[in-house]
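Quick heads-up: it's one chain on its own, the form predicted alone, in structure tokens.
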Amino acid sequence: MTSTRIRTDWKLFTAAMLILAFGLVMVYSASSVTAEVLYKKQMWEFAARQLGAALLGITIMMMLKRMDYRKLEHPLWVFIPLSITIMLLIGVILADPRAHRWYRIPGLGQFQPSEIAKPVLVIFLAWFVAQRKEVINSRYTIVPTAIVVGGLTLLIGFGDLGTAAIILAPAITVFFVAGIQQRYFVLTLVLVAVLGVGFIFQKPYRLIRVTSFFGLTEEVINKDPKYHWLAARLASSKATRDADHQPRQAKIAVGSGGVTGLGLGQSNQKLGFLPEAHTDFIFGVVGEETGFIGCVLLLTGYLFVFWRGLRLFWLAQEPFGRYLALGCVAVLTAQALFNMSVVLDMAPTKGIPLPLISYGGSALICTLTTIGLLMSVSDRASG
């Protein structure tokens, strides 16, 4: 292995830390009132937990930054984390029989193993595609990848369809760039669509969210005889039926912010009107308090991180580094754009955290882990 000059990518580091710092401020703003009123906690409780997760995540990020990413190009670094992740995903189905998402640890809160799958899958994809880049369209390349990616998607999608969709982003991106034949690419998209429809029909609340997005609300379904079969499916669930409540309240929040926003801490929608205001729908509070300018600046920050990662595909010295960087920015950018699309009612409602912004320790730590991998490549790339 040839030595490479290490040079910190201060632009990438600064952008990530600015987004994180803004996220901590917004978590406090969005959660301070509800922490006291709804959860009977101190107003700083959620912000303090998020800060603790941020410090742990930054520590992991800096450790990965200092590590030469090429050390990860070894089967042990690929398959041991992958095996542990699969076992955790299987275990959480039993440990959390209702939602199939979280391990609940007394005194520490909740741990979501599906978040670990994101950086673990990116490492696997980078390693495997780098090893098989000359025979990317061979069945000995496509079948093993389909088994791993499909297996993770099935395990995660059973309880968390949004995260299952997000982990497909790096797989599709990496294989598309690596030169997969069009027929395989189209077949993959068809299989993803079929799998997605199956997961949607698996749980009635997912179904009503999708139908409501296209204007087919439960009221319409119950009145029209041709939708009786759908009404019967929805009746099998006790989940809340007002599926368009969250996006409606989120649009009110964003619209109320105007150009410059109402000011930090001045959101009205976070006072019980907008559910999950400090988690999945925090972008609505961002829009209300910082306005169009704040939303554009945040989007610019994500796109800047995307650009810094994308350029590594040309600057990294070997295939593993190129595909590792590509996978990292694919999962980060896909998650950010999907969350914003949901809040702006441009996609069906689905719980996806906004990277570095939404409250959630597992998501924040794993996002910073992904950024640490990206920085390890960036710091050692030439140019």
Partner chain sequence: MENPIDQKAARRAILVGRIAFVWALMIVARLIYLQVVKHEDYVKAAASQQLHTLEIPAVRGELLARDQSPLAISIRTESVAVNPMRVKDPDFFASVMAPALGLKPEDVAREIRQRQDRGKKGSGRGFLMIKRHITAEERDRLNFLRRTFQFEILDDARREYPNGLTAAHVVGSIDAEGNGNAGLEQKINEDLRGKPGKMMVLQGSRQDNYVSWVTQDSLQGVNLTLSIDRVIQHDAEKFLEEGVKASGAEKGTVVVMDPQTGEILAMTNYPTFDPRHETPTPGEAAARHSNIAVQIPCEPGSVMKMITVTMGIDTGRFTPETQIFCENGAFPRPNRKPIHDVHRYGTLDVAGVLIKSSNIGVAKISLASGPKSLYEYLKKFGIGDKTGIELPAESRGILRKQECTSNADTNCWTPTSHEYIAFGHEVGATAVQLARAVSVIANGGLLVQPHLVIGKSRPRPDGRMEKIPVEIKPPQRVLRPETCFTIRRIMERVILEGTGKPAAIPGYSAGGKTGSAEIFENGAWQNRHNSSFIGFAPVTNPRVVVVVTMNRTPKLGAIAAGPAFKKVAETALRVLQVPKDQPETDVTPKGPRMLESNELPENRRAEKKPEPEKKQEEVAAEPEASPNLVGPRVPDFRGKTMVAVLRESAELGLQVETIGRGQARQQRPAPGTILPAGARIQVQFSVTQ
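Bear in mind that the values here come from a model prediction, so they are computed numbers and not experimental data. Residue numbers count along the first chain shown, from 1.
Separately, the form predicted in complex with the partner chain exists; it is not shown, and the next lines address it.
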*Quick one: of Tyr227, Phe306, Phe158, Tyr184, which gets a non-hydrogen atom within 4.5 angstroms of the partner chain in the predicted complex?*
Phe306
*Quick one: from Gln112, Gln269, Gln246, Thr153, grab the residue that has a heavy atom within 4.5 Å of the partner chain in the predicted complex.*
Gln269
*Can you check 43 to 51, 338 to 346, 23 to 31, 57 to 65 and let me know which stretch has heavy atoms within 4.5 Å of the partner chain in the predicted complex?*
338 to 346
_4.5 Å heavy atom contact, Leu299 to the partner chain in the predicted complex_ = yes
*Counting only non-hydrogen atoms and a 4.5 angstroms cut-off, does Pro319 reach the partner chain in the predicted complex?*
yes
_Please tell me whether any heavy atom belonging to Phe292 falls inside 4.5 Å of a heavy atom of the partner chain, as the geometry stands in the predicted complex._
yes
_4.5 Å heavy atom contact, Val331 to the partner chain in the predicted complex_ = no
*Could you list the residues in 167 to 193 that come within 4.5 Å of the partner chain in the predicted complex, counting only heavy atoms and keeping sequence order?*
Thr173, Phe176, Val177, Ala178, Gly179
